[in-house]
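Have a look below at one chain only, the form predicted alone, in structure tokens format.
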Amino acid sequence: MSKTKLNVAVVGATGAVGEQIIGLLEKRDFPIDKLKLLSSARSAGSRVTFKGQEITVEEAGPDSFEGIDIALFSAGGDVSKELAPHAVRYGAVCIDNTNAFRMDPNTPLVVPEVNESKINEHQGVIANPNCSTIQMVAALKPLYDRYGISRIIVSTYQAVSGAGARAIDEMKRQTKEVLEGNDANPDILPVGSLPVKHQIAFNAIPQIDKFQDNGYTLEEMKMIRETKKILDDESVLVTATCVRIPVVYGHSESVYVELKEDYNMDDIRSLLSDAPGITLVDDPANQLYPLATDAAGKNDVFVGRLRRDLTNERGLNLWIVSDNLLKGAAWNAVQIAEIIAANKSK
């Protein structure tokens, strides 16, 4: 059966995630008839090569989506809130990579390995979860299905690329400044819009996004709320501490999970080895475990350092690593788009 070719728009085409999305669409030979690349006025007019042809980036506006079948948004929550309704009005399915619609009860929040069936429930918009949430729930889903989960405690070690290209540049500049014996001069991290800035070079910053009234950051609350929504289980207790570290690509997570039933470690390994999108790297005798440097540039979620908790026989500790711009953003969105395309070809 031949694939139905679709008209696709990428909003935020010149950003880090947008570039990854375009690269994946080409690498995966996504069935595209026409590709429209959209951005802010500042980046409009630039040219991007796709399958050997140059495409001029256009300024995104309310009327940019006529004839578009799938629109992949990665240009910030305000842009998504403004333009996604217009894309839906023109008949496009929007796959949104921002926080704009994630907790909207009418918007599916989808990780294909976890809740693919939710894609069919969309009303025009499908939300991509937060990058740190995606890799955790992808790894925990086979355990949840087999044993049930009562509690999750997660501490993240997140790459600076999650804060954008300027944060990467700042980390590299500060590293050079410190190595040369000079003061690091922070002006981006932890949050660009807040007045206080902290050095990221040779440091760990226990703040990602703004603090909420309960003392947690928005990033931490995203993980808590999104995990419950994706698993469709409000009874799962989740707490998170999110930390920015001087790594360019790849979020790492230390996860403690309490299962509802006694478990067998061999079964845990088997479940993870067989799970879609998961690569088990767990050979501590040979110092083999997931590393951000190994995960960078790969679509899978990597899991290792499996060990039974010493104080709770149903407690399990895991180390979960994934490329935050790929599985944590672009690849998850393209996976959803591929499922939509496959359904249109049936």
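Fair warning: this is a prediction, and the values are worked out from it, not measured in the lab. Residue indices: 1-based, along the sequence shown.
From this point on, the text means the form predicted in complex with a further copy of the same chain, which you will not see here.
For the candidate spot formed by Asn7, Asn106 and Arg146, no residue has a non-hydrogen atom within 4.5 angstroms of a further copy of the same chain in the predicted bound form. The closest non-hydrogen atom of Glu113 lies beyond 4.5 Å of a further copy of the same chain in the predicted bound form.
Using a 4.5 Å cutoff between non-hydrogen atoms, Asn99 does not count as a contact of a further copy of the same chain in the predicted bound form. Contact check for Ala71: no non-hydrogen atom falls within 4.5 Å of a further copy of the same chain in the predicted bound form. Residue contact check for Tyr90: none of its heavy atoms lie within 4.5 Å of a further copy of the same chain in the predicted bound form. A single residue from the set Ile245, Val79, Leu231, Ala275 has any heavy atom within 4.5 angstroms of a further copy of the same chain in the predicted bound form; that residue is Ile245. Taking Ala167, Val238, Leu259, Leu271 one by one, only a single residue has any non-hydrogen atom within 4.5 Å of a further copy of the same chain in the predicted bound form, and it is Val238. Note on the interface: of 155 to 163, 113 to 121, 80 to 88, 126 to 134, the segment with non-hydrogen atoms within 4.5 angstroms of a further copy of the same chain in the predicted bound form is 155 to 163.
Residues Met171, Lys172, Thr175, Lys176, Leu179, Pro190 of 167 to 191 are found to place at least one heavy atom within 4.5 Å of a further copy of the same chain in the predicted bound form.
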